[in-house]
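In structure tokens, the next block holds one chain alone, the form predicted alone.
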Amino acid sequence: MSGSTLLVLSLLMPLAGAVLIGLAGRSPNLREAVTMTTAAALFAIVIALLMRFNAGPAPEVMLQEVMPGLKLALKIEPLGMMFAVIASGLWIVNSIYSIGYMRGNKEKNQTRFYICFAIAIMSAIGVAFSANMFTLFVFYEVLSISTYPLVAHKQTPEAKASGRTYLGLLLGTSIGLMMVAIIWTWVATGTLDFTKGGILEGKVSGALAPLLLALYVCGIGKAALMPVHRWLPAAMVAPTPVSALLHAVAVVKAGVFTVMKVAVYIFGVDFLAKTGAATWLMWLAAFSLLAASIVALGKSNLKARLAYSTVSQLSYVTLGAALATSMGVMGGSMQIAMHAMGKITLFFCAGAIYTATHKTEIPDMDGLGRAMPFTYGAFLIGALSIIGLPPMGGSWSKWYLLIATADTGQLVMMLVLMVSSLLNVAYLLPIVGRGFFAGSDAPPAHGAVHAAGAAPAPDTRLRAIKEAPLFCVLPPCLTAAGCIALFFYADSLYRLLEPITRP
């Protein structure tokens, strides 16, 4: 099978899955079997494309020429290949988790949920394999629209309001700002193709480059850079599998992926470095990185704390692009993968806790770690990866970002990265500490009652394991293992991404 055929299949497979899920909606077992089969088939296609990409020329295909020189086209390059592997691989794990969560919480409209999820994955694959900025914009918008029903899934007044905020901000920024930047680029250069080294040098003056970059970055609302971040905390009203989709699998990853693509293939790293066009962006990313962490410290709701953590962690990617060095691009690009694995672990754990206990506030979770050791153990590993401590994958992306700040003499940015890691410790590790070591008002296990006046029996709660259903516990354990695996196999990711850092 040719590479171009595989590229088309990578879009058709999840789309066909969405149709079949709808047809199988009356049979939950069949519907979920279709979801799992489709996810596995897509991952197999993406791995086949990865093998083709590593072995020879990059597969590409033109879908439609809209007007002379403006095409809907797909082409593989290293950054997109990485994103496609992340999105397709995590769809399998998220599908397992979704089955346990949606059934365990007796969620309504499950068929619609799985259909929209499949369309969202198709959109993410389209974003990943886009050959030009026009194609990326089309799939970017489809991703926004297809995830709106997921954010508003519960159909409560709060969910509907959050959905409006979500869709309004994402469509408003992309149409009002990013589309303007795309038109400006087309008029100035006559092309929107992603080109190594960029397409703007000699076409846009150094004085106007910061303005064009601002239109792009502020228009990419999915990157959740402050102040265009409000949609992300608002979307936390959605079920946890949706939160995992938003934070780890597709939506925010599509945002920071687009920021990196614009920096590398539209502006070009050398052009950004020579003009200083991204200096302002570096400071804005640093502000978002610290400010979101400080806000997270004050949140007692677990998903809200993780949402602001995401805003902070995404800023590492933007900072890497803004540093405009090969190590900055490498660190920011690796952060896309490392954050995906760590953050999906944390959200899976949050959902498992809710499914088992219906608790959402951190102070109410004291002692739960003793009853849910697998969930809290996975949370600890995910948290350590987000913080950036070895032997977790997140340590590599932050290491390369530190090297980039040293290369450019940006000692303030180096300090920002260090302070941010300390803030990560402050808002993530106490959750684990309280879970394992704080007291609990939970009743003792059956048979632990002792006679009045007698010495209390040993705390049998330590032996009373009350985890969520298996399908809610297995996925975070798998992704936690992935956080560790990314540390030891980071060289494979480095080799995949290395071509984008070369002149």
Partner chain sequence: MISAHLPILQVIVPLIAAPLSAFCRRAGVAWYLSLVICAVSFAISIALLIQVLEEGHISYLLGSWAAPWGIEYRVDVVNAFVLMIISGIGTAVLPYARTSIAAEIEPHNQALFYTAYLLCLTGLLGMVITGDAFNAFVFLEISSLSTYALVALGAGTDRRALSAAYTYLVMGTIGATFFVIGIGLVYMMTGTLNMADLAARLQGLEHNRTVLVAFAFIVTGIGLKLALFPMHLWLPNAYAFAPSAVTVFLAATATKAAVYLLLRFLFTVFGIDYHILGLTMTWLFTPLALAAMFAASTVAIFQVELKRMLAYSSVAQIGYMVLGMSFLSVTGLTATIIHLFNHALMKGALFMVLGAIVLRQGAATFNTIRGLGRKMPWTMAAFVTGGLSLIGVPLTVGFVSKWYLVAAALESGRWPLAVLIVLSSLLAVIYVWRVVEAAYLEEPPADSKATEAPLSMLVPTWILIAANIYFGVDAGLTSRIASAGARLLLGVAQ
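Numbering follows the first chain given and starts at 1. Keep in mind the model is a prediction, meaning the values are calculated, not measured.
FYI, the form predicted together with the partner chain isn't displayed, but the following is about it.
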Of M82, A152, A296, A371, the one that lies within 4.5 Å of the partner chain in the model of the complex (heavy atoms): A152
Heavy atom within 4.5 Å of the partner chain in the model of the complex - residue from V66, L478, A48, A438: V66
Triple contact flag G367, L389 and L423 to the partner chain in the model of the complex, non-hydrogen atom at 4.5 angstroms: no
Segment that reaches the partner chain in the model of the complex - one of 306-314, 161-169, 397-405, 412-420, heavy atoms within 4.5 Å: 161-169
is_contact(W280, the partner chain) in the model of the complex, heavy atom dist at most 4.5 Å: no
Interface membership of R112, the partner chain in the model of the complex, 4.5 Å heavy atom rule: yes
Touches the partner chain in the model of the complex: G206 (any heavy atom, 4.5 Å): no
Heavy atom of A58 within 4.5 Å of the partner chain in the model of the complex: no
Stretch 137-165 - residues with a heavy atom within 4.5 Å of the partner chain in the model of the complex: F137, V138, E141, I145, Y148, A152, Q155, K160, R164
